[in-house]
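Only one chain is shown below, in structure tokens, and it's the form predicted alone.
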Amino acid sequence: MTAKSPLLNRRTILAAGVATLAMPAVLRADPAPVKLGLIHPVTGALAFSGSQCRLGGQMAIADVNAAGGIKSMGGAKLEALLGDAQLRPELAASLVDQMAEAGASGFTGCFSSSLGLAATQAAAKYNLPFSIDSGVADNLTTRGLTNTFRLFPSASPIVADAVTELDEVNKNAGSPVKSAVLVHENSEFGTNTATALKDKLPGIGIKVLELMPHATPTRDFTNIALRIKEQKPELVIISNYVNEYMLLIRTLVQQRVPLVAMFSVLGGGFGLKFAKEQPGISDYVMDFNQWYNPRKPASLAFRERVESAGGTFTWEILFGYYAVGLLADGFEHAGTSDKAKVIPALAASTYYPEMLPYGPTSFIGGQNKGGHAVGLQIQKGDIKTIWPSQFADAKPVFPRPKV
């Protein structure tokens, strides 16, 4: 699926989900729409990222419909059912129940792993397919839920690849980093990521001095910054969400914490918004995360599509886009929205997200083994891919220049 049609504005996209409720009688011979539940936190602490995932999903729905719908189903159009899970797992599960009753044939979501764990479990009660757009906890696809699929990589391979990149970059610079403090949000995502890093960093010669958890939301990181300053690490590694991410880094800079580098794994606030709005603070921050393949013209065109419509391009948009794309591909190959046929079609899928730096798609237990994150760095107000070399469009700046 390619992104050829113009980006619809948010109001138009939101209206599209209810357009079929008043179809004129002359159109009743058309195939029934295929309803998809899009469940995200679009209010509260994760509202920005959740809204970006939702926007990507809506863009994909618009593209599929503009290209003729699900052709094997006579051109059936996709229709969005939208739900706000806030940051409440019980609400995410309840939304699945409501959407299943409203005729949903599949789901995407939920940005947060904790929301995704609840929503996928709820969808399993109905054996309805769930395509995870963002949510990296390993157990999203290791619980044996045959209805759950993730096109994108899970936490374990992301952490392993991040450590490999950090080791390579550090050694190429003469190994200036010998110790680290890990700062993470205290839910499923941040805790699991930090724990995995703690186990792996000593293997590349980096001593972990302390793990520092925090709540979401957190409004003041002064005490954590001072604790880090007292520990005197060369490196801080961050795993948290957008608001806390940017506030923590700003606090570290303001408190003049001396660091060789600031590195994040799945840093929720690492993005173009951060790079452009806080250039002096965000400069040379490194992240290991999801991104597009900068060597693919389609990737750059998709980013331009978002930005020319006044949007902020983030990886969440790509995730939402391709999570819906995977479901649409499943319907296309099954020739039906019948869950008994769609789920096997998804399990056997080789659907390839052409704009992402991935290998061939292969699902094992609902997890695509071909998905990979990449090493990124903010340079001159933009995000550059610095690792691995086959996808890189810049070289790493390491150590971080002193200001």
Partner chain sequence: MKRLLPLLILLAALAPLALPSQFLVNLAMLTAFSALLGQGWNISGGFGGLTSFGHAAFFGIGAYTAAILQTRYGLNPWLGLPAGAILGAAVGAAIGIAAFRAGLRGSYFALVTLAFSEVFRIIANSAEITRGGLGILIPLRPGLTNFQFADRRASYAVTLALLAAATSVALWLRRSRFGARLIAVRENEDAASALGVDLVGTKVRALALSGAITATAGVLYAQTFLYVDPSIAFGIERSVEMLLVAMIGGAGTVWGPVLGAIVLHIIEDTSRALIDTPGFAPMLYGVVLLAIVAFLPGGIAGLRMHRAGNAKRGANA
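Numbering follows the first chain given and starts at 1. Small disclaimer: the values here were computed from a predicted structure and weren't measured. Rigid core (definition): largest C-alpha set, two forms, superposition within 1.5 Å.
As for the form predicted together with its partner chain, it is not shown, yet the points below apply to it.
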Every residue of Glu90, Asp97 and Asn192 near its partner chain in the model of the complex, heavy atom within 4.5 Å = yes
If you check Ser179, Asn127, Asn139, Ser72 against its partner chain in the model of the complex, which one has a heavy atom within 4.5 Å?
-> Asn139
Identify which of Asp283, Glu307, Glu168, Asp84 has a heavy atom within 4.5 Å of its partner chain in the model of the complex; exactly one of them does.
-> Asp84
Can Glu332 be called a contact residue for its partner chain in the model of the complex at 4.5 Å between heavy atoms?
-> no
Decide whether Leu117 counts as a contact residue for its partner chain in the model of the complex under a heavy atom distance cut-off of 4.5 Å.
-> yes
Indicate whether Asn186 is a 4.5 Å heavy atom neighbour of its partner chain in the model of the complex.
-> yes
Report yes if any heavy atom of Val42 sits within 4.5 Å of a heavy atom of its partner chain in the model of the complex; otherwise report no.
-> yes
Could you tell me which stretch in 323-331, 286-294, 198-206, 97-105 has residues with non-hydrogen atoms within 4.5 Å of its partner chain in the model of the complex?
-> 97-105
Note yes or no: does the Cα of Gly44 move by 2 Å or more between the shown form and the other one after the core is superposed?
-> yes
Just checking, between the shown form and the other one and with the core aligned, does Lys273 shift 2 Å or more at the CA?
-> no
Shift of Asp283 between the shown form and the other one at or above 2 Å (CA, core fit) = no
